[in-house]
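Okay, so here's just one chain, in C-alpha cells, the form predicted alone.
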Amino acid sequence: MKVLVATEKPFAKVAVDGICKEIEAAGYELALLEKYTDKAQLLDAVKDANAIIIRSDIIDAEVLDAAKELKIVVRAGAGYDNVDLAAATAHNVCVMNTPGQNSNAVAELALGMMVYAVRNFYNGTSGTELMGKKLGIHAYGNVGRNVARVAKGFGMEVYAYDAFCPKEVIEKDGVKALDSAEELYKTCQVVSLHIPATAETKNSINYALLKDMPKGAMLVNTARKEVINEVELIKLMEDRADFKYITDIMPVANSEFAEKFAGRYFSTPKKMGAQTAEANINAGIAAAEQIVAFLKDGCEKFRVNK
C-alpha cells in the first residue's frame, strides 16, 4: 500500500517524521509531494496512491479520476470543503477529517485577535479590555469549546448558540446557551464565528443578523470566508463606525475593507488558525493513524462523505 502526503503548504519536518513512523510501522510505503506548484504534479503523484493525506489541497473529480488505486483521503484538519465529497463517493473513496487536532491553536488565535483589536491594533492609543465583556460563540464544536475555555480565563461572560448541540452540553461547561443566532448577536459585544461553509450557512452572516449587536461590536471569523455576506458587512460597517471585523480568512473584498475601515478591520495574509507546530504534528499524525486503521481494519470513525 502506498500513502501519499500531498501538501502544497508542507507539514513541519517533525510532523512528517511522525507520519512516516506511523505509515512505515504498518508496513506501507510513504511518498511525499511537498510545495508543488502545478496541479499536473499532483495528478501524476496520485496515480498509484492507495491513500492521501492533504491539508488545504484541492481534491476534485479530476484528481479522483487520475487516482485509480485510491481508497481514502484524509484532510489533516477540521474543515474539508476543499474535497469534492460527491465525486469521492462516486469513486468509492472514503474521505475523513481529523476533528479536534487543531482546535486549541485556532482558539488561541481567535482570542489573540480579540486582544489585538480591543487594544487598537497596538497603535499606541488607549484601548479596552476583554474582561467583563459578553462573548458569543457561534457553533459550539471543538474550536468553540476551546474558545470558551480560554475566554473564561480572560474573565469574559461566555454565551453560545449551536443548532445541533444540546443546551445541556453547552451549559455543563459553564457557558450560557441561547436559543437562536439572532439572540446571540443581540446579546454579545464580541462574536467568535465557527460555523462551517455549507449551502445553509454561506452568506448567512449578514446585515440583518449583525445590525443589532451592542455598541462597540466585534466579529471575529476563524471559520470560513464564504459564510460572510461581504456586501452587507461593508454596508453595516459604513453605517456603524463602532463595528470591527477581524478575520483569519482574507475576504474577496479585502482591499475595500482595508481602505474604508482602517483601524476597524484586520485580516491575516493567509489562514493561520492551524499554523502552530503542535497543531501541525497532531493533525498529521492523526491522519496517518486514521489511514492505517482504515486500511487494516476498515475503521471509518471520522468519515465525512456518504
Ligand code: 3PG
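Remember, predicted model here, so these are calculated numbers, not experimental data. Numbering starts at 1 and runs along the sequence shown.
Missing here is the form predicted together with the ligand; even so, the following discussion is about that form.
Interface residue among A76, I228, A110, C188 relative to the ligand in the predicted complex, by the heavy atom within 4.5 Å criterion: A76. The listed set K296, K9, K21, K13 contains one residue whose heavy atoms approach the ligand in the predicted complex to within 4.5 Å, identified as K9. The stretch from 170 to 178, 68 to 76, 149 to 157, 125 to 133 that comes within 4.5 Å of the ligand in the predicted complex, counting heavy atoms only, is 68 to 76. Residue contact check for S267: none of its heavy atoms lie within 4.5 Å of the ligand in the predicted complex. Taking non-hydrogen atoms only, S192 never approaches the ligand to within 4.5 angstroms in the predicted complex. Among heavy atoms of I59, none comes within 4.5 Å of the ligand in the predicted complex.
Although the partner is absent here, R55 is a contact residue: one of its heavy atoms lies within 4.5 angstroms of the ligand in the predicted complex.
Contacts to the ligand in the predicted complex (heavy atom within 4.5 Å) from stretch 259 to 288: K271, A274.
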